[in-house]
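Listed next as structure tokens is one chain, alone, in the form predicted alone.
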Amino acid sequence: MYKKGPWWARARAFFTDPLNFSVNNAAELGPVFETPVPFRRVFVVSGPEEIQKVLQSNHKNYHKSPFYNALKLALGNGLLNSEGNYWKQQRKLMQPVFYKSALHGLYLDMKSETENYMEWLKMELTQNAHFDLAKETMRITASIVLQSLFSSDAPLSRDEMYKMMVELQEYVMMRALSPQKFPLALLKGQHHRFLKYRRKIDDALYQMIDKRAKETDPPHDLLSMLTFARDAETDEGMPREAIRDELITLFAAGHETTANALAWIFRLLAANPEKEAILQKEIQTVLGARLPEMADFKDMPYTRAVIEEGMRLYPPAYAVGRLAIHDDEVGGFHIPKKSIMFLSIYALHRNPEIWEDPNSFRPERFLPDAPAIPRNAYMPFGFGPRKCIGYQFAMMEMQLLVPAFLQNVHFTFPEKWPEPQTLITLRPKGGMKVVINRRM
């Protein structure tokens, strides 16, 4: 058990294996415990009421942890990173962008991108074609998000934008998770590439923002929605720098989380063929060979349940970091100001006191007639005022892509289970190898 042994061994376990560290120690020590970390007071929190206090009932006492500072290098001061009144104003301006009425128009583009991708994928398939499923789900979700952001011509091609944004993300992940590698990044030119790519993306985004602001009949995409968003009381819009930050943030948060969730979901289905058979029957009954319309979602409860159970077991946002501004009390623990709160969503979702047989894939937990899930026990998109603003977009995307893949292709995975890798999101380490064949 990680609680035993010298403090430096326990500290290392927290950094190298935070998933098992959180689950195992929560089972032994309870929903809140302190873990040794040099120069910091760090508390690991996995209880539903305790997380609720940090993220909702006393959220004003907790700001983003220092980890998020590195993300600002690429993402700027978008919703993910901003705090206080500025965050509140931006959230207010952006909320209408994700109303159901606005999402309906975006769904048409989402379907079109999915159809194009499926045609491309089937063209690529040869007998027993080997792929990295994590890359493929990343490819389609990035394409969908970029189309939703910029439906019209852009100064940079879609491939250029994707390549450079991925490079930015990898760089900030290094700065956030392994800051000691920064001198090496300078020597290898990674820092220079980061600055070059960020400048090129900024130039392209500002050019698109300025052009869009002058259009009288703009296309229905997220760039238009952000450019023309106005405060109902003051009639003020967003400065162009704020639009830039939100566009970058929406791309980063809007494709990687969904892509990783999908990869884990398909791996879980392959390991549970009886669950996949139930899902396939629902898809065939409701859709046949066509892609779903938004109106079909209500008739596909098992599809949604599969997605929700997949995110319970492998939540893309596996943890949330917060910094205590003032002293507090959480779960019977005194929390001194400047303490780091590591809120383990992964451990919450696998708590045996909440979930029966917590490590098993059981989508039935989320069906409409199932027993109610305990309050605050499930939060794959966060919780409280800072719950992910795009969660409906993400759910809509997954409810489209899960049937689309299963209608068209069949996955065969190696027996070895992929090891989860805790980067900014919960990725399969080294990718997710798979053989893809056309579904007959």
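Keep in mind that what you see is a predicted model, and the values were worked out from it rather than measured. In this text, residue numbers run from 1 along the sequence as written.
Missing here is the form predicted together with a small molecule; even so, the following discussion is about that form.
Taking non-hydrogen atoms only, residue 64 approaches the small molecule to within 4.5 angstroms in the predicted complex. Interface residue remark: residue 400 is not counted as part of the site for the small molecule in the predicted complex, having no heavy atom within 4.5 Å. The small molecule in the predicted complex is not approached by residue 363, whose heavy atoms all lie more than 4.5 angstroms from it. Although the partner is absent from this view, residue 291 stays clear of the small molecule in the predicted complex, with no non-hydrogen atom inside 4.5 angstroms. Screening 209-217, 121-129, 85-93, 323-331 for residues having heavy atoms within 4.5 Å of the small molecule in the predicted complex returns a single hit, 85-93. Residues 133, 171 and 346 are none of them found to lie within 4.5 Å of the small molecule in the predicted complex, as judged by heavy atom distances. Put simply, of 98, 162, 355, 297 only one has a heavy atom within 4.5 Å of the small molecule in the predicted complex, and it is 98. Think of it this way: in the predicted complex, the small molecule has a heavy atom of just one of 137, 227, 303, 257 within 4.5 Å, and the residue is 257.
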